[in-house]
Ligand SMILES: Cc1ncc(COP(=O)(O)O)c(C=O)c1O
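Okay, so here's just one chain, in structure tokens, the form predicted alone.
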Amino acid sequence: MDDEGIEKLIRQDLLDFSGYAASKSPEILKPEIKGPVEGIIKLDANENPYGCSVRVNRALADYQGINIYPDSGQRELRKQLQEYTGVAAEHIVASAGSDQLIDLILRLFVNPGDEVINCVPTFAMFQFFTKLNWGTLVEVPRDEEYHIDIAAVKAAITNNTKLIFLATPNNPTGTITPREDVLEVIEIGLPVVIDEAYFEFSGETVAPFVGNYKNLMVLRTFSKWAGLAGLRIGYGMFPQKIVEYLIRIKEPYCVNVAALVAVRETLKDKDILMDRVKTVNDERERLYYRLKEIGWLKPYPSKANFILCSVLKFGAKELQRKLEERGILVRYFDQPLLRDSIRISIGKPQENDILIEILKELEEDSNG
């Protein structure tokens, strides 16, 4: 069978599916950058520049149970997450990153053609999995400062609406949605997913309300604050009825044993890790004011571990290329409401200083 014959058998709606533009690995950039790959400053994926707890590395080196499947019921893990979150274990389901839970939630609620409300611009995986699961995306634009428009959300609801996604702090804008606004969306009565991937940096949460609403789902991750992005471990807090269904439909061993060990050791070291979160937050505020010194950048206030900037001079793609040539990776956006924007993850102070120095050099070169 030739390629054309195979394509006739593929789902037709996926033939033009663009996928997700993931961050770049430093290794693949070696031919393109000026300088050694070891010197690359990676500020494009909101990773933790300080890494994971040292306890994690030690425990993984000593772990002897890699040949045994993990507990599909996640009993010990859910107890540990109960202690960390204050939400009862029976409301918690863990997964291979919170992305997997987004996929499972859509599979659970959305039939082909059902509508999913998405407050854009926001986390691209909401769109990715909605389309992958035959949902119809209904995009409700945020305002100029990237706050949600609750009246517009309500106006977008139809008889076909099945789900509402809302990230706070929002990625890639860093915007917080106030608790009273989140609760107003929840009280609409439709299933609502609140993505709190950056909760540890903002301290803002609606997790305590999970037991009060039958439609509230809250997602979190260990990728950002705990430095476990490479192990893919996330979790969600749900009404018990939704937990029952998610446990049924999830992949049995979706959280691998390395991730289980990492969570256990991370939670033993959470005070140290939260000190690092404070360090990142302090550095975020310092970097924000340094970026404001660059006349052709407009940084937006953020409550996450990154800063979004509008690029007023080069264009975001060109700026991203110029920085990449000098060994600094940032994320650029060129889509409605994010035209000519870059997102800069918060690095260590010395890394951020190098970024600012290069940005000022680019400004001087363009003026010269």
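Just count from 1 along the sequence shown to find any residue number. Note that the structure is a prediction, hence the values are computed from the model and not measured.
In what follows, reference is made to the form predicted together with the named molecule, a form of this protein that is not presented.
Novice: At 4.5 Å between heavy atoms, only one of the stretches 157-165, 98-106, 68-76, 279-287 reaches the named molecule in the predicted complex; which one is it?
Specialist: Selected range: 98-106.
Novice: Counting non-hydrogen atoms within 4.5 angstroms of the named molecule in the predicted complex, say which of Q80, T221, T177, T205 makes the cut.
Specialist: The residue from Q80, T221, T177, T205 that makes the contact is T221.
Novice: If you check in the predicted complex, is Y198 within 4.5 Å of the named molecule, heavy atoms only?
Specialist: Looking in the predicted complex, residue contacts with the named molecule include Y198, since a heavy atom lies within 4.5 Å.
Novice: Can you tell me whether W225 touches the named molecule? I mean in the predicted complex, with a 4.5 angstroms heavy atom cut-off.
Specialist: Looking in the predicted complex, residue contacts with the named molecule do not include W225, since no heavy atom lies within 4.5 Å.
Novice: Though only this chain appears here, would N118 touch the named molecule in the predicted complex if you measure heavy atom gaps against 4.5 Å?
Specialist: Contact with the named molecule, no.
Novice: So in the predicted complex, does any heavy atom of R232 sit within 4.5 Å of the named molecule?
Specialist: So R232 counts as contacting the named molecule.
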